[in-house]
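Just one chain follows, in the form predicted alone, and it is written as structure tokens.
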């Protein structure tokens, strides 16, 4: 039989709601601060800070140079995908670095970010550093591996001041392994993305809420023992302010999203019209479309771990992010929190039933076709 069987089912972020706390003058939405830490070595001057707790996934259909510049200008970050040649990725990073360096808005720009793999990192990392990258993430569906350990060792030796986020992991053991190997941050999630079929194909994975809670508990134990804080980034299937808020309340420092950004004008994927609707193509890094790079990420190219599909076109990034941040600030305020630290300390989460979820959605009416319209 298995070495250990855990009978408590893993939970998803969809299964939780946050209960209201006391809203005071100090935590009205206009006073809520959404800033967070993306990566940290635990020493003064060695942290990467975001103005908002959102980053775009390292995917061909999501994070090109335009997304990197525009999301960075708003205070987030987009991790340029590594499923391309070293030269083309470095050129993207260079354009983003230039675009962000000339930015003079009152929103502090986010970092120029890029992904690497554990296959050609010795060639890729120096090129990205020369191009101006400020933070890296190792792009892998399973970060609990000697391959990531070796990649982290290489960067630590050659570029000791370069922040590297490792992952993905879904257990406390995985977190401990990556932090001991030198990770400045840890990404959490396996098999929960909208285009990911890892759980279906391999039978490995975990509900994202349970994964976050397990890894955050390990992070807090590590912090208590060493005094070093390691940020946690929740990654996989998150697509709304509601899910972001729960992930942050559970201890994540930021969330990584793919599908949410894939439908925006700034994503590099193709805009198509289907049945009269504007759509954008979206595919996973483990899909048939990404077959050329699948082995570098998944260590196999025989079967697929992702699919391709379409997502509705959602317009410009800036408008969507303004709306998303307004929702997050409202949630923080309702929970009685003005900062991420306060949200974690004061938030109360509750598991909800399927009927409770249904009750919280529109029901019992015929919706009109638009503002002021009649059915």
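Positions refer to the first chain, counted from 1. All values reported here derive from a predicted model rather than from experimental measurement.
The protein also exists as the form predicted together with inosinic acid; that form is not presented, and the subsequent description refers to it.
**Student:** With inosinic acid left out of view, which of 269, 210, 198, 145 would have a heavy atom within 4.5 Å of it in the predicted bound form?
**Tutor:** Filtering the options by heavy-atom distance leaves 198.
**Student:** Report the residue, out of 138, 71, 186, 257, that has at least one non-hydrogen atom within 4.5 angstroms of inosinic acid in the predicted bound form.
**Tutor:** So the residue touching inosinic acid in the predicted bound form, by this definition, is 257.
**Student:** Residue-level question: is residue 282 within 4.5 Å of inosinic acid in the predicted bound form, judged on heavy atoms?
**Tutor:** Because a heavy atom of residue 282 falls inside 4.5 Å of inosinic acid in the predicted bound form, the answer is yes.
**Student:** Verify the contact flag for residue 83: yes if a non-hydrogen atom of it lies within 4.5 Å of a non-hydrogen atom of inosinic acid in the predicted bound form, no if not.
**Tutor:** Because no heavy atom of residue 83 falls inside 4.5 Å of inosinic acid in the predicted bound form, the answer is no.
**Student:** Decide whether residue 194 counts as a contact residue for inosinic acid in the predicted bound form under a heavy atom distance cut-off of 4.5 Å.
**Tutor:** Taking the distances in the predicted bound form, the answer for residue 194 is yes, it comes within 4.5 Å of inosinic acid.
**Student:** Although the partner isn't part of this model, could you tell me whether residue 99 comes within 4.5 Å of inosinic acid in the predicted bound form, counting any heavy atom of the residue?
**Tutor:** Outside the cut-off, so no.
**Student:** Which of these stretches, 32-40, 332-340, 318-326, 52-60, has heavy atoms within 4.5 Å of inosinic acid in the predicted bound form?
**Tutor:** That would be 52-60.
**Student:** Sequence order please: the residues of 155-173 with a heavy atom within 4.5 Å of inosinic acid in the predicted bound form.
**Tutor:** The stretch touches the partner through 168 alone.
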